[in-house]
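To begin, one chain is listed below as C-alpha cells, in the form predicted on its own.
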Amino acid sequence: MRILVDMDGVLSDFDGEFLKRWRERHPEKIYIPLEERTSFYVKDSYPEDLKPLVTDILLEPSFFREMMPMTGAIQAMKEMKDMGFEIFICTSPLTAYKNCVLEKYEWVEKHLGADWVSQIILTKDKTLVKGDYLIDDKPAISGVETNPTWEHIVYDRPYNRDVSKKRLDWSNWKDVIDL
C-alpha cells in the first residue's frame, strides 16, 4: 500500500508557526486563531490590508524549517513504514519557493532522518502522483487528473470540517486507513 502524506498542516504545524511569528512581529494587530479559520489558505482569513504581512511571514527564511511536528505525526510515519507501507511525503511548495523548497527538505531530515529525504515528492499537482491514499488537510484536491489513483483522507482541521470524507488526526490513523 502506498500512502502519500502532505507536509504543511499535516506533518508540520504550519498554523502554529504562522501564529507564533504573527504575534511576535505584529502584536498590535488582530490575528485569526486556528479554531476560527474558515479558509484553507491562511491569507484568505485576513483583511486585504494585512495580507502583505501574512505573505511576508510565509516567505521569511526559516519559516518552513522551524515548524514543529504535529502531535503524533513522527511516530505515525515511522509506524507506517515499519508496517511495510510505502510512504511518501507529497507536498506542494509555495510558488515563491526561495526558502520553502530547501527548508522542507531540511525539516524532513531533522525530524524524520536523512533516509526520509528520498521519500519527498514536491509537486503543485498531487493528482499526478500514484498512491492508495493521500492524507491532506486541503479540503479539495484538484489537478490535471480528475480521478486520481488515491483516496483523499482529510487531516482534521477547523477549516475543513464541512468536508464529508474519511478524516483523521494522528491519534486515529490506524482506525481510518484500511490496514
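Numbers for residues come from their place in the sequence shown, where the first is 1. This structure is a prediction, so every number in the text was calculated from the model and none was measured.
Keep in mind that the form predicted in complex with another copy of the chain is not shown, yet the notes after this line are about it.
Site check 2, 101 and 128: each within 4.5 Å of another copy of the chain in the predicted bound form by heavy atom | Answer is yes for this spot.
Consider the chain as shown here, without its partner, and state which of 62, 142, 39, 149 has a heavy atom within 4.5 Å of another copy of the chain in the predicted bound form.
-> Partner contact (heavy atom, 4.5 Å) among the options: 149.
Based on heavy atom distances of at most 4.5 Å to another copy of the chain in the predicted bound form, which listed stretch, 39 to 47, 53 to 61, 22 to 30, 129 to 137, is the contact stretch?
-> Among the candidates, contact is made by 129 to 137.
Another copy of the chain contact in the predicted bound form: residue 79, any heavy atom under 4.5 Å | No, no contact at 4.5 Å.
Does residue 121 make contact with another copy of the chain in the predicted bound form, using a 4.5 Å heavy atom cut-off?
-> Answer yes; at least one heavy atom of residue 121 falls within 4.5 Å of another copy of the chain in the predicted bound form.
Would residue 85 show up as a contact with another copy of the chain in the predicted bound form if we use heavy atoms at 4.5 Å?
-> Contact check for residue 85: no, nothing within 4.5 Å of another copy of the chain in the predicted bound form.
For residue 117, is any heavy atom within 4.5 Å of another copy of the chain in the predicted bound form, or not?
-> Yes, residue 117 is a contact residue.
Counting only non-hydrogen atoms and a 4.5 Å cut-off, give the residues of 40 to 65 close to another copy of the chain in the predicted bound form.
-> Going through 40 to 65 in order - heavy atoms within 4.5 Å of another copy of the chain in the predicted bound form - there are no hits.
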